[in-house]
Structures are given as structure tokens and as C-alpha cells.
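Encoded as C-alpha cells, the following chain is the form predicted on its own, with no partner shown.
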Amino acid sequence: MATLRQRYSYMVWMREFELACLEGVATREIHGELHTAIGQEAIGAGMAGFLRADDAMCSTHRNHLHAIAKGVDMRKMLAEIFERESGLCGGFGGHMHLMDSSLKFSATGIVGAGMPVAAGHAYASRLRGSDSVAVAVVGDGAVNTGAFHEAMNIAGVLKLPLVVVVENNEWAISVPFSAASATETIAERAQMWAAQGMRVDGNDVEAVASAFGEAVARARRGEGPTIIEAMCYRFRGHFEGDADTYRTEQEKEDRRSVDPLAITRKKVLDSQLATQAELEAEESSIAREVKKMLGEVRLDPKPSSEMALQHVFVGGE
């Protein structure tokens, strides 16, 4: 299991990676929407170190941090996001459709659609007699979809090794969670599906790690599904280009002051796990590495126009 010190390193990598992605929006190297999870790094880092290559993870449109936690190659992922041939999917999938079959990591832009896929992975594990688990990461908007309910119901019926992490950042695009939920929390719904429910502070990487580690261990023991509701706040709009006028400027300013990186950094220093100078040196080193990676990706070729029909029709024609 990763230490607090290591989890802080994960968080810095995650923040710097997404800052690099933002550069591609302004330069139009990235087409379509880009969704970042800046401000939600403690959840991604809290999941790191618990999963094996044969464990499946199904993510969302806001997926970069989950991929990093699963161990997906950041160089290939950045290349995919920047639509390069060297990307995970040859530049065809882009930001919302990252996939690494060797690590059983996938993502989808359809809200809630990762749930039945994760349930399928969990059922396949059961059929194989394996102790591998499946993880579905969703947002609070996904919990009100039929796919979420159906997947959780069958997971409860069959006691599938499914862990669901709900990143409750309080807003489903422009709709506040309080206006769309009949229950005060998502975790309390778990009992309806014979699952365990936990609600944690998504800004506390140790709280997330503790809950996630417990849920994964429970799934491996064959004790059924778990829902972890991790409370957080996205610092930017729903996507890059979102006017974000549905949240007041005061709300955004107040909430951005509670930065999970700053919280974790202080814990590392207070626990004497590193000195100020050591953290500053590591932060600078990671920033340089990501900048170097971005520079290399920008030199990679884009997919040829002659390949436009590949992956569209059977046989590529």
C-alpha cells in the first residue's frame, strides 16, 4: 500500500498532468470537450496501489486521475489526449475514450455507462473463480440513471466483487446534487442493493485510501459490492469552455481555498515525512518531467487521413 508521502507524489503528478492537458485546449491541439478533475486529486491518489493488472477499472469522461492511479502509461495517455498516433488508441479515442486493455482500464463519455461494464467484469471474475475485482468510478449525476440502479441491483443479488467510487463534486454539470436527489447522501442508498455504503471526505487522501482499501479487500473476500461516496469539488467548469455561471464566484473562491494538494502537503510536512526543500525539489522535478513529456508528444505524428475509416466499420471499409 502506498504511503502518505507517495500519495502526495501521485497528487502532484496528477495536477501537473492536467495542467499540461489544458495547454492543448487554447492551442486547439485538443478538439471537442476536455474535462479535468483539478481539485479532486485526493480521490485518484487514494485509489493508487490497491489494484492489480487483472482488476478492472471503468471510468468516466473525467478520467485522467483514475488512469494514473491504475498505472496507465502517462506518455501514451497524453499522446491520446493530444490526438497522436503514439496514443493509447492511436489518437482515435481522444480524451473521453482512453483504454488500456492490458490493465483492464476503460472510460466512456456516456454518464453511468461504465457501471454495467464494471458489473460484467466483476461477473467474469466470479465465473473464472478469480479474486480479481472491478471498480466503477462515476460522478454524482450518474447515480440517478437506470444503468446505475440495474448494475447495483445485480451486483447485490450475486454479491459481485464490485467497488463503486462516486466522486460527488456536488454538481451534475449545472444541477446541484441537492436538487436531484431524494436522499441526503448517496452512501445511504447502498443498503437497497445489499451493498456496503461509506461516505468520506474526498479532500483527505488517507480517508479515501482507507475506505477504498477496505472495499477492495471486502470484494476479494467475496463479501459483495461497496459504494464509496467521496465528497469533493471541481475547481474548474464542467468542461473547458463552460461559462460556469451556475456557481457563484464567492462559492468557487471559498471552495478552491480548500485544495487537497495543500492539505496533503501540510500533513506530509507536519508528520516530518519530508522537508520543505525536499518537497519543492520533487514538485519542480515532476513539473519538468511533464513539460518534457508534453514537448515530446507534440512532435509525434497525428493519425494519417488515410486511416480515417479504421475502427469505424468492420474491416475498415
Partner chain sequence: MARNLNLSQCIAESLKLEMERDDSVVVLGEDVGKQGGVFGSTRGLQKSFGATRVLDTPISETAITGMGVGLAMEGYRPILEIMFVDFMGVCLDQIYNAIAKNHYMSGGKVRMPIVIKTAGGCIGSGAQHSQCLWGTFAHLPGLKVVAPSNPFDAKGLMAAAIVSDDPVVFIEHKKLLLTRAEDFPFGSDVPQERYEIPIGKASVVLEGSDLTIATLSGTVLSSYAAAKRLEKEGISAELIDLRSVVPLDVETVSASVAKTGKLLVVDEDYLSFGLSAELVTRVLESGIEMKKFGRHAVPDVPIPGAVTLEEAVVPGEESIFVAAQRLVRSE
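Numbering follows the first chain given and starts at 1. Nothing here was measured: the structure is a model prediction, and the numbers come from that model.
We do not show the form predicted in complex with the partner chain, though everything after this point is about it.
Contact with the partner chain in the model of the complex holds for none of 41, 153 and 263, as no heavy atom of theirs lies within 4.5 Å.
Only one segment in the set 88 to 96, 206 to 214, 117 to 125, 155 to 163 has residues whose heavy atoms sit within 4.5 Å of the partner chain in the model of the complex; it is 88 to 96. With the partner omitted here, the residue from 111, 194, 103, 198 that has a non-hydrogen atom within 4.5 angstroms of the partner chain in the model of the complex is 111.
Taking 52, 292, 31, 256 one by one, only a single residue has any non-hydrogen atom within 4.5 Å of the partner chain in the model of the complex, and it is 31. The closest heavy atom approach of residue 83 to the partner chain in the model of the complex falls within 4.5 Å.
Although the partner is absent from this view, residue 22 stays clear of the partner chain in the model of the complex, with no non-hydrogen atom inside 4.5 angstroms.
With a 4.5 Å cutoff on heavy atoms, residue 223 does not count as touching the partner chain in the model of the complex; it lies far away.
In the model of the complex, the partner chain stays beyond 4.5 Å of every heavy atom belonging to residue 188. Within 4.5 angstroms of the partner chain in the model of the complex, the stretch 157 to 178 places a non-hydrogen atom from each of 171, 172, 173, 174, 175, taken in sequence order.
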